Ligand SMILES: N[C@@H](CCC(=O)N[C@@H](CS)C(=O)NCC(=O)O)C(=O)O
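Single chain ahead, written as structure tokens, the form predicted on its own.
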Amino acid sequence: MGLELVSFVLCPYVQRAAIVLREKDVPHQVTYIDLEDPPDWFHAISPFGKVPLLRVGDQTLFESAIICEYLDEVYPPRLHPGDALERARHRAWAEFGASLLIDQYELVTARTEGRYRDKVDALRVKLERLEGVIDGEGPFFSGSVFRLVDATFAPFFMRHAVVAWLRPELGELLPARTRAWSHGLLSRPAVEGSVVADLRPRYLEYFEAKGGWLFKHGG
């Protein structure tokens, strides 16, 4: 069955699925849509009006976590750990990664300095907590093997690198182990190739238009 990943070019949740597809070398096509003016067919197949969607033959899957789990069950090699408890632990931290993406979005769209600083502090607390569970040897979350949980965090780190380029103080939010993990992920071919080549200027232009404090005072 042919696979089609329906995407918005900047969506971090789509990127999770794109990484898994590339990591497993699964043939697929990507269809980009404008979420502010989506085509009629999109409304018919997206229950929440969101991306990603994965079209599998005549069926459509939605929600990035579900799509990634499906891909991991169907296409080798398995990226989840074999041990049930460790697998559950990875799933739990993947949810934690999803919360980081929400904080990151709220940071770049914060209209006031006070709101921006609050989100910086919230990210700092969460990243310090994350630091304590990362494998010390690396380069990935649980050691030398790339796992599904790594794919779920990579979009956050990629966008963090963009905003840290704009405002270098944000780079200091990543503690040592987390920073090393980020570098390991962002240099991995499946991660590098999971987004458009001009992600950074597109990201900056898109969020600058939203009027966030960061973009008025960055650099």
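All residue numbers are counted from 1 along the displayed sequence. Owing to the predicted nature of the structure, the values given are computational and were not obtained by experimental measurement.
Heads up, the form predicted together with the ligand isn't pictured, but that's what we're talking about next.
S.K.: Tell me the stretch among 167-175, 149-157, 45-53, 185-193 that has any heavy atom within 4.5 angstroms of the ligand in the predicted bound form.
M.R.: Residues of 45-53 come within 4.5 Å of the partner.
S.K.: Let me test this: is every residue among Q104, A122 and A161 within 4.5 Å of the ligand in the predicted bound form, going by heavy atom positions?
M.R.: Judged in the predicted bound form, none of Q104, A122 and A161 sits within 4.5 Å of the ligand.
S.K.: Which residue among A180, V30, V26, L35 has a heavy atom within 4.5 angstroms of the ligand in the predicted bound form?
M.R.: Contact with the ligand in the predicted bound form is made by L35 alone.
S.K.: With heavy atoms only and a cut-off of 4.5 Å, decide whether E63 touches the ligand in the predicted bound form.
M.R.: Because a heavy atom of E63 falls inside 4.5 Å of the ligand in the predicted bound form, the answer is yes.
S.K.: At 4.5 Å between heavy atoms, is L21 in contact with the ligand in the predicted bound form?
M.R.: L21: no contact with the ligand in the predicted bound form.
S.K.: In the predicted bound form, does Y13 come within 4.5 Å of the ligand, counting heavy atoms only?
M.R.: Contact with the ligand, yes.
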